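What follows is a single chain, given as structure tokens, in the form predicted on its own.
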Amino acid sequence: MPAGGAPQPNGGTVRAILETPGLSPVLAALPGARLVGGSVRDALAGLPVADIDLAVPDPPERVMAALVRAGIKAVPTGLAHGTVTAVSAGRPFEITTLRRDTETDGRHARVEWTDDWQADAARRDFTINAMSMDRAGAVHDYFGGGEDLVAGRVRFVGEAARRVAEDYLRILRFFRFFARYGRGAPDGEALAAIRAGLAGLGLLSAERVWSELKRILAASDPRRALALMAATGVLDAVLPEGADPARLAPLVAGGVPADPVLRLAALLTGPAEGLAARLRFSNQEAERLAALRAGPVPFPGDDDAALRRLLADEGRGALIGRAWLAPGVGPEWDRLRARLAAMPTPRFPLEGRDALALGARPGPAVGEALRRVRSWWLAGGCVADAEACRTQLRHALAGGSVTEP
């Protein structure tokens, strides 16, 4: 949702979601089913809908049997949690039996099946996520989620402190939804519950913390959410290495991509060496963060030869990211990033087999000769072709010096 744009119930989007290929046979097989959660929220807000989840008042075994009778593939993806996945028209639809919590420990809950839609809605986190929609397009809203969606309020269902104590991940989910839907002053009861529940963040797995933090950073404009995280102590709790929303704010205003790792690199004020391991980054994420935080930085005054040399050694993604981080804002930096994006990445045209083809014997001398020729190629702005490089390689292999570029 664009910043400042009030979401309004959107009949066209509601009709479109109900016409999703494969959904109609599932609803016909399970006439008591309703769409729930994010698909309803985003359809009402007029936003694109990704996954469609459904809930039913029937136990999972009965759901499985009904799907099979209708000729729909049924996968028991989580029977212990009441979840079955129907595969219809090649698309998965997750179907969960209505539940009520019987016990919670701050992260997990024991549940029992129910046929009470309001009881199921009452165990959800936020009012905007607690709505459901039946096959006729009627929205069932027990806690004022539609009004909150229109007003840009992110509000816990029922007592905020209780919702947080049931699952401390909801602290981070609050900021994720606030970043996307929140406008105006944040809900005071929610903030009080979050401050009181800060210690509970330590119960969460690193993977879940990073998953939510990534989604916050990937919002089109996370500035207010991050500032609120800092004000409530949440940002220090999840990023004890040090983070300052003021470092990221001008980049977001300047159009920095919604790239969580890039935005995290801008946000950090302290060393990041242990952060990737602590939050269980993927290898690719860890390598990107390290590359963004260290290495040569391109500058607007660099000529094309200098930029080609940097591209050859560092890669496009790292260079454009560093151009955002230091300092990255202003028309001249916009032009620099556009130049880098449009410029082909030079590739050194020789390999070890080229030296062997010239009669060289395998060994350290081949690597040294290629290194010298590549240095010559870089110094010349990375424009020499393969034949020119082979000529220099002959000189290097013969013990001579490469010529000036």
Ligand code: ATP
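Start at 1 and count along the sequence shown; that's the residue number. What you are looking at is a predicted structure, and each value in this text was computed from that prediction instead of being measured.
Not pictured, yet referred to below: the form predicted together with the named molecule.
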- prompt: Can you check whether residue 380 is within 4.5 Å of the named molecule in the predicted complex, heavy atom basis?
  reply: no
query: Should residue 232 be counted as a contact of the named molecule in the predicted complex, where contact means heavy atoms within 4.5 Å?
result: no
- prompt: Using 4.5 Å between non-hydrogen atoms, is residue 187 touching the named molecule in the predicted complex?
  reply: no
- request: May I ask you to check whether residue 177 falls inside a 4.5 Å heavy atom distance of the named molecule in the predicted complex?
  value: yes
- prompt: Taking the partner as it appears in the predicted complex, which of 165 to 173, 191 to 199, 263 to 271, 223 to 231 has residues with heavy atoms within 4.5 Å of the named molecule?
  reply: 165 to 173
- request: Have a look at 153, 288, 322, 124 for me and say which one sits with a heavy atom within 4.5 Å of the named molecule in the predicted complex.
  value: 124
query: Which one of 38, 346, 46, 57 is close to the named molecule in the predicted complex, taking close to mean a heavy atom within 4.5 Å?
result: 38
